[in-house]
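One chain comes next, on its own, written as C-alpha coordinates: the form predicted alone.
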(Lines give C-alpha, C1' and ligand atoms only; values in the text may rest on other atoms or scores of the structure.)
Protein backbone atom coordinates (compact mmCIF):
# COMPACT_ATOMS: atom_id res chain seq x y z
CA UNK A 1 0.00 0.00 0.00
CA UNK A 2 1.36 3.45 -0.83
CA UNK A 3 2.13 5.65 2.16
CA UNK A 4 0.55 9.02 2.88
CA UNK A 5 1.45 11.84 0.46
CA UNK A 6 4.61 13.73 1.38
CA UNK A 7 4.00 17.14 2.91
CA UNK A 8 5.70 19.84 0.87
CA UNK A 9 6.67 23.44 1.50
CA UNK A 10 3.73 24.48 -0.69
CA UNK A 11 1.39 22.76 1.77
CA UNK A 12 2.93 24.67 4.67
CA UNK A 13 2.65 27.95 2.76
CA UNK A 14 -1.03 27.35 2.02
CA UNK A 15 -1.77 26.47 5.64
CA UNK A 16 0.01 29.63 6.85
CA UNK A 17 -1.54 31.85 4.18
CA UNK A 18 1.78 33.04 2.73
CA UNK A 19 3.76 32.50 -0.46
CA UNK A 20 6.09 29.53 -0.81
CA UNK A 21 9.06 31.92 -0.90
CA UNK A 22 7.97 33.51 2.39
CA UNK A 23 7.47 30.12 4.01
CA UNK A 24 10.98 29.10 2.95
CA UNK A 25 12.49 32.25 4.41
CA UNK A 26 10.52 31.92 7.65
CA UNK A 27 11.71 28.37 8.20
CA UNK A 28 15.25 29.40 7.29
CA UNK A 29 15.37 32.17 9.92
CA UNK A 30 15.58 34.95 7.35
CA UNK A 31 16.14 38.24 9.24
CA UNK A 32 13.60 40.17 7.13
CA UNK A 33 10.58 37.99 7.99
CA UNK A 34 8.16 39.50 10.51
CA UNK A 35 8.01 37.68 13.84
CA UNK A 36 4.26 37.03 13.55
CA UNK A 37 4.68 35.56 10.06
CA UNK A 38 7.59 33.39 11.19
CA UNK A 39 5.52 32.04 14.08
CA UNK A 40 2.53 31.34 11.85
CA UNK A 41 4.66 29.42 9.33
CA UNK A 42 6.38 27.37 12.04
CA UNK A 43 3.03 26.53 13.59
CA UNK A 44 1.73 25.36 10.21
CA UNK A 45 4.85 23.23 9.69
CA UNK A 46 4.39 21.60 13.10
CA UNK A 47 0.71 20.91 12.47
CA UNK A 48 1.55 19.21 9.16
CA UNK A 49 4.64 17.41 10.50
CA UNK A 50 6.65 19.05 7.71
CA UNK A 51 10.29 18.05 7.36
CA UNK A 52 12.42 19.98 4.83
CA UNK A 53 14.15 17.76 2.30
CA UNK A 54 17.94 18.05 2.00
CA UNK A 55 17.51 19.27 -1.58
CA UNK A 56 15.09 22.02 -0.53
CA UNK A 57 17.43 23.08 2.24
CA UNK A 58 20.38 23.21 -0.14
CA UNK A 59 18.48 25.31 -2.67
CA UNK A 60 17.17 27.74 -0.09
CA UNK A 61 20.64 28.34 1.28
CA UNK A 62 19.47 30.85 3.88
CA UNK A 63 19.29 34.63 3.52
CA UNK A 64 21.94 36.31 1.40
CA UNK A 65 21.09 40.00 1.86
CA UNK A 66 21.19 40.42 -1.93
CA UNK A 67 18.51 41.36 -4.46
CA UNK A 68 18.97 40.64 -8.18
CA UNK A 69 17.93 43.45 -10.51
CA UNK A 70 17.33 42.69 -14.19
CA UNK A 71 17.75 45.76 -16.42
CA UNK A 72 17.90 45.95 -20.22
CA UNK A 73 19.63 49.33 -20.65
CA UNK A 74 21.33 50.61 -17.47
CA UNK A 75 22.93 53.54 -19.34
CA UNK A 76 19.59 55.11 -20.28
CA UNK A 77 18.20 57.87 -18.06
CA UNK A 78 14.90 56.10 -17.34
CA UNK A 79 16.53 52.91 -16.09
CA UNK A 80 19.15 54.88 -14.16
CA UNK A 81 16.41 56.75 -12.31
CA UNK A 82 14.61 53.51 -11.48
CA UNK A 83 17.87 52.09 -10.13
CA UNK A 84 18.53 55.18 -7.99
CA UNK A 85 15.18 54.88 -6.24
CA UNK A 86 15.38 51.10 -5.91
CA UNK A 87 18.89 51.13 -4.47
CA UNK A 88 17.96 53.75 -1.86
CA UNK A 89 15.06 51.65 -0.58
CA UNK A 90 17.14 48.45 -0.48
CA UNK A 91 20.07 50.18 1.20
CA UNK A 92 17.77 51.45 3.95
CA UNK A 93 16.88 47.82 4.68
CA UNK A 94 20.55 46.70 4.63
CA UNK A 95 20.09 44.85 1.33
CA UNK A 96 22.60 44.87 -1.52
CA UNK A 97 21.67 45.27 -5.18
CA UNK A 98 23.18 42.85 -7.72
CA UNK A 99 22.76 44.13 -11.29
CA UNK A 100 22.23 41.83 -14.28
CA UNK A 101 22.06 43.35 -17.76
CA UNK A 102 19.56 41.62 -20.06
CA UNK A 103 19.83 43.82 -23.14
CA UNK A 104 19.82 42.27 -26.60
CA UNK A 105 17.91 39.11 -27.54
CA UNK A 106 21.01 36.84 -27.41
CA UNK A 107 22.20 38.28 -24.11
CA UNK A 108 18.73 37.94 -22.66
CA UNK A 109 18.28 34.33 -23.84
CA UNK A 110 21.66 33.33 -22.42
CA UNK A 111 20.89 34.93 -19.06
CA UNK A 112 17.57 33.16 -18.61
CA UNK A 113 19.05 29.85 -19.77
CA UNK A 114 21.53 30.04 -16.88
CA UNK A 115 19.05 31.49 -14.38
CA UNK A 116 18.16 28.31 -12.42
CA UNK A 117 21.79 28.16 -11.27
CA UNK A 118 21.61 31.72 -9.89
CA UNK A 119 19.98 30.96 -6.55
CA UNK A 120 22.09 33.17 -4.30
CA UNK A 121 19.64 36.07 -3.98
CA UNK A 122 16.65 36.75 -1.74
CA UNK A 123 14.45 38.47 -4.36
CA UNK A 124 14.41 39.63 -7.99
CA UNK A 125 13.34 42.99 -9.45
CA UNK A 126 12.45 43.24 -13.15
CA UNK A 127 12.92 46.76 -14.53
CA UNK A 128 10.44 47.78 -17.23
CA UNK A 129 10.40 44.85 -19.64
CA UNK A 130 7.86 42.13 -20.32
CA UNK A 131 8.72 38.47 -19.71
CA UNK A 132 7.47 35.55 -21.78
CA UNK A 133 6.23 32.22 -20.44
CA UNK A 134 9.66 30.59 -20.49
CA UNK A 135 11.28 33.52 -18.68
CA UNK A 136 8.43 33.54 -16.16
CA UNK A 137 9.00 29.85 -15.43
CA UNK A 138 12.75 30.40 -15.03
CA UNK A 139 12.15 33.17 -12.50
CA UNK A 140 9.68 30.96 -10.62
CA UNK A 141 12.34 28.27 -10.36
CA UNK A 142 14.34 30.52 -8.04
CA UNK A 143 11.69 30.23 -5.34
CA UNK A 144 11.96 33.90 -4.36
CA UNK A 145 9.66 36.91 -4.65
CA UNK A 146 9.73 38.84 -7.93
CA UNK A 147 8.74 42.53 -8.14
CA UNK A 148 8.45 44.74 -11.23
CA UNK A 149 9.22 48.44 -11.56
CA UNK A 150 8.38 50.72 -14.48
CA UNK A 151 5.16 48.93 -15.42
CA UNK A 152 3.04 45.83 -14.89
CA UNK A 153 4.94 42.62 -15.65
CA UNK A 154 3.19 39.22 -15.62
CA UNK A 155 1.55 38.54 -12.24
CA UNK A 156 4.25 40.14 -10.11
CA UNK A 157 3.67 42.96 -7.62
CA UNK A 158 4.47 46.02 -9.67
CA UNK A 159 4.81 49.79 -9.66
CA UNK A 160 4.44 52.01 -12.71
CA UNK A 161 2.28 54.63 -14.37
CA UNK A 162 -0.77 54.35 -16.59
CA UNK A 163 0.69 54.94 -20.06
CA UNK A 164 -2.74 55.42 -21.55
CA UNK A 165 -3.54 58.17 -19.04
CA UNK A 166 -0.16 59.83 -19.70
CA UNK A 167 -0.85 59.75 -23.43
CA UNK A 168 -4.31 61.22 -22.92
CA UNK A 169 -2.88 64.08 -20.87
CA UNK A 170 -0.57 64.93 -23.76
CA UNK A 171 -3.19 64.54 -26.47
CA UNK A 172 -5.97 66.32 -24.60
CA UNK A 173 -3.65 69.30 -24.08
CA UNK A 174 -2.99 69.56 -27.82
CA UNK A 175 -6.69 69.19 -28.64
CA UNK A 176 -7.66 71.82 -26.05
CA UNK A 177 -5.21 74.20 -27.73
CA UNK A 178 -7.20 73.77 -30.94
CA UNK A 179 -5.06 71.29 -32.86
CA UNK A 180 -6.94 68.87 -35.10
CA UNK A 181 -4.19 67.42 -37.24
CA UNK A 182 -1.97 65.77 -34.62
CA UNK A 183 0.88 63.44 -35.53
CA UNK A 184 2.41 60.80 -33.31
CA UNK A 185 5.98 59.51 -33.18
CA UNK A 186 5.75 56.07 -31.58
CA UNK A 187 8.76 54.11 -30.42
CA UNK A 188 9.46 50.53 -31.51
CA UNK A 189 9.14 47.93 -28.76
CA UNK A 190 12.24 45.94 -29.71
CA UNK A 191 12.79 42.96 -27.42
CA UNK A 192 9.49 43.46 -25.55
CA UNK A 193 10.98 46.22 -23.42
CA UNK A 194 7.68 47.95 -22.70
CA UNK A 195 5.28 46.28 -20.24
CA UNK A 196 2.43 48.24 -21.91
CA UNK A 197 3.68 49.04 -25.42
CA UNK A 198 0.24 50.08 -26.72
CA UNK A 199 -0.82 52.40 -23.88
CA UNK A 200 0.40 55.68 -25.38
CA UNK A 201 -0.56 54.68 -28.91
CA UNK A 202 -4.13 53.82 -27.88
CA UNK A 203 -4.34 57.20 -26.14
CA UNK A 204 -3.68 59.01 -29.43
CA UNK A 205 -6.59 57.30 -31.14
CA UNK A 206 -8.96 57.49 -28.14
CA UNK A 207 -8.38 61.23 -27.67
CA UNK A 208 -9.10 61.94 -31.33
CA UNK A 209 -12.21 59.75 -31.29
CA UNK A 210 -13.54 61.47 -28.17
CA UNK A 211 -12.99 64.88 -29.80
CA UNK A 212 -14.81 63.81 -32.97
CA UNK A 213 -11.61 64.00 -35.04
CA UNK A 214 -11.15 61.12 -37.52
CA UNK A 215 -7.74 59.51 -36.85
CA UNK A 216 -5.41 59.64 -39.86
CA UNK A 217 -2.95 56.74 -39.76
CA UNK A 218 -0.66 58.62 -42.15
CA UNK A 219 0.14 60.86 -39.18
CA UNK A 220 1.61 57.94 -37.18
CA UNK A 221 5.24 56.95 -37.61
CA UNK A 222 7.14 54.31 -35.62
CA UNK A 223 10.85 54.76 -35.04
CA UNK A 224 13.69 53.32 -32.96
CA UNK A 225 13.99 54.80 -29.47
CA UNK A 226 15.98 58.01 -29.03
CA UNK A 227 16.74 61.39 -30.51
CA UNK A 228 17.85 60.14 -33.92
CA UNK A 229 14.66 58.13 -34.23
CA UNK A 230 12.62 61.21 -33.35
CA UNK A 231 14.49 63.30 -35.91
CA UNK A 232 13.79 60.74 -38.64
CA UNK A 233 10.15 60.41 -37.64
CA UNK A 234 9.63 64.17 -37.79
CA UNK A 235 11.23 64.29 -41.25
CA UNK A 236 8.76 61.68 -42.44
CA UNK A 237 5.82 63.65 -41.06
CA UNK A 238 7.06 66.84 -42.72
CA UNK A 239 7.18 64.96 -46.02
CA UNK A 240 3.41 64.45 -46.01
CA UNK A 241 1.25 66.45 -48.41
CA UNK A 242 -0.51 67.88 -45.36
CA UNK A 243 1.83 67.82 -42.34
CA UNK A 244 0.50 67.94 -38.78
CA UNK A 245 0.24 71.14 -36.75
CA UNK A 246 1.27 69.30 -33.57
CA UNK A 247 3.17 66.12 -32.69
CA UNK A 248 2.88 63.82 -29.68
CA UNK A 249 6.14 61.91 -29.12
CA UNK A 250 6.19 58.84 -26.89
CA UNK A 251 9.11 60.14 -24.82
CA UNK A 252 11.12 63.33 -24.34
CA UNK A 253 14.29 62.17 -26.07
CA UNK A 254 12.27 61.31 -29.18
CA UNK A 255 10.51 64.69 -28.94
CA UNK A 256 13.84 66.55 -28.78
CA UNK A 257 15.03 64.77 -31.90
CA UNK A 258 11.84 65.88 -33.64
CA UNK A 259 12.47 69.49 -32.63
CA UNK A 260 15.98 69.32 -34.10
CA UNK A 261 14.52 68.38 -37.48
CA UNK A 262 11.99 71.21 -37.30
CA UNK A 263 14.66 73.79 -36.54
CA UNK A 264 16.92 72.53 -39.31
CA UNK A 265 13.93 72.85 -41.66
CA UNK A 266 13.56 76.50 -40.64
CA UNK A 267 10.31 75.92 -38.77
CA UNK A 268 9.53 77.57 -35.45
CA UNK A 269 8.43 75.66 -32.35
CA UNK A 270 5.65 76.14 -31.35
CA UNK A 271 4.53 78.88 -33.78
CA UNK A 272 4.67 76.57 -36.81
CA UNK A 273 4.35 73.22 -35.08
CA UNK A 274 3.81 72.18 -31.42
CA UNK A 275 5.66 69.25 -29.84
CA UNK A 276 4.97 67.39 -26.59
CA UNK A 277 6.73 64.42 -25.00
CA UNK A 278 6.44 62.16 -21.96
CA UNK A 279 8.79 61.58 -18.99
CA UNK A 280 10.12 65.00 -17.86
CA UNK A 281 13.71 64.02 -18.67
CA UNK A 282 16.21 66.55 -17.23
CA UNK A 283 16.77 67.87 -20.75
CA UNK A 284 13.07 68.74 -21.00
CA UNK A 285 13.41 71.56 -18.48
CA UNK A 286 16.66 72.81 -20.07
CA UNK A 287 15.10 72.91 -23.55
CA UNK A 288 11.69 74.23 -22.39
CA UNK A 289 9.91 71.11 -23.67
CA UNK A 290 6.25 70.69 -22.76
CA UNK A 291 5.83 67.17 -21.44
CA UNK A 292 3.91 64.78 -19.21
CA UNK A 293 6.01 64.02 -16.14
CA UNK A 294 6.19 60.60 -14.57
CA UNK A 295 7.84 59.96 -11.16
CA UNK A 296 10.48 57.49 -12.31
CA UNK A 297 12.69 57.47 -9.21
CA UNK A 298 9.62 57.07 -6.99
CA UNK A 299 8.64 53.96 -8.96
CA UNK A 300 12.02 52.40 -8.19
CA UNK A 301 11.82 53.38 -4.53
CA UNK A 302 8.34 51.93 -4.13
CA UNK A 303 9.42 48.70 -5.84
CA UNK A 304 12.22 48.43 -3.28
CA UNK A 305 9.70 48.86 -0.49
CA UNK A 306 7.64 46.01 -1.97
CA UNK A 307 10.74 43.81 -1.99
CA UNK A 308 11.36 44.51 1.69
CA UNK A 309 7.69 43.88 2.51
CA UNK A 310 7.85 40.55 0.68
CA UNK A 311 10.95 39.48 2.57
CA UNK A 312 9.14 40.27 5.80
CA UNK A 313 6.14 38.18 4.76
CA UNK A 314 3.89 41.22 4.52
CA UNK A 315 2.71 40.76 0.92
CA UNK A 316 -0.59 38.93 0.41
CA UNK A 317 -0.72 35.88 -1.84
CA UNK A 318 -2.38 35.94 -5.24
CA UNK A 319 -2.10 38.45 -8.07
CA UNK A 320 -1.78 41.91 -6.49
CA UNK A 321 -3.03 45.01 -8.28
CA UNK A 322 -0.45 47.16 -10.00
CA UNK A 323 0.39 50.31 -8.07
CA UNK A 324 0.04 53.24 -10.46
CA UNK A 325 1.73 56.51 -9.56
CA UNK A 326 0.27 59.74 -10.97
CA UNK A 327 1.53 61.58 -14.04
CA UNK A 328 1.08 65.31 -14.64
CA UNK A 329 1.13 67.76 -17.52
CA UNK A 330 4.10 70.17 -17.40
CA UNK A 331 3.45 73.27 -19.50
CA UNK A 332 6.54 74.82 -21.09
CA UNK A 333 7.36 76.50 -24.35
CA UNK A 334 6.93 73.96 -27.16
CA UNK A 335 3.12 73.97 -27.42
CA UNK A 336 0.66 76.69 -28.37
CA UNK A 337 -2.55 77.07 -30.38
CA UNK A 338 -2.03 76.40 -34.10
CA UNK A 339 -0.54 79.43 -35.84
CA UNK A 340 -0.36 81.43 -32.61
CA UNK A 341 2.21 84.28 -32.68
CA UNK A 342 4.74 84.60 -29.86
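Residue numbers count along the first chain shown, from 1. Remember, predicted model here, so these are calculated numbers, not experimental data.
Not pictured, yet referred to below: the form predicted together with a further copy of the same chain.
Exercise for review: Decide whether residue 253 counts as a contact residue for a further copy of the same chain in the model of the complex under a heavy atom distance cut-off of 4.5 Å.
Suggested key: Yes - in the model of the complex, heavy atoms of residue 253 and a further copy of the same chain come within 4.5 Å of each other.
Check your understanding: Looking in the model of the complex, any heavy atom of residue 172 within 4.5 Å of a further copy of the same chain?
Key -> No, residue 172 is distant from the partner.
Review point. Does a further copy of the same chain come within 4.5 Å of any heavy atom of residue 285 in the model of the complex?
Key: Result yes; residue 285 sits at the interface with a further copy of the same chain in the model of the complex.
Check your understanding: According to a 4.5 angstroms non-hydrogen atom cut-off, is residue 260 in contact with a further copy of the same chain in the model of the complex?
Key -> Close contact exists here: in the model of the complex, residue 260 approaches a further copy of the same chain to within 4.5 Å, heavy atoms only.
Check your understanding: Of 239-247, 263-271, 201-209, 151-159, which is the one stretch near a further copy of the same chain in the model of the complex, taking non-hydrogen atoms within 4.5 angstroms as near?
Key -> Result for this chain: 263-271.
Review point. Since exactly one of 165, 98, 213, 134 fits, which has a heavy atom within 4.5 Å of a further copy of the same chain in the model of the complex?
Key: Checked against the cut-off, the match is 98.
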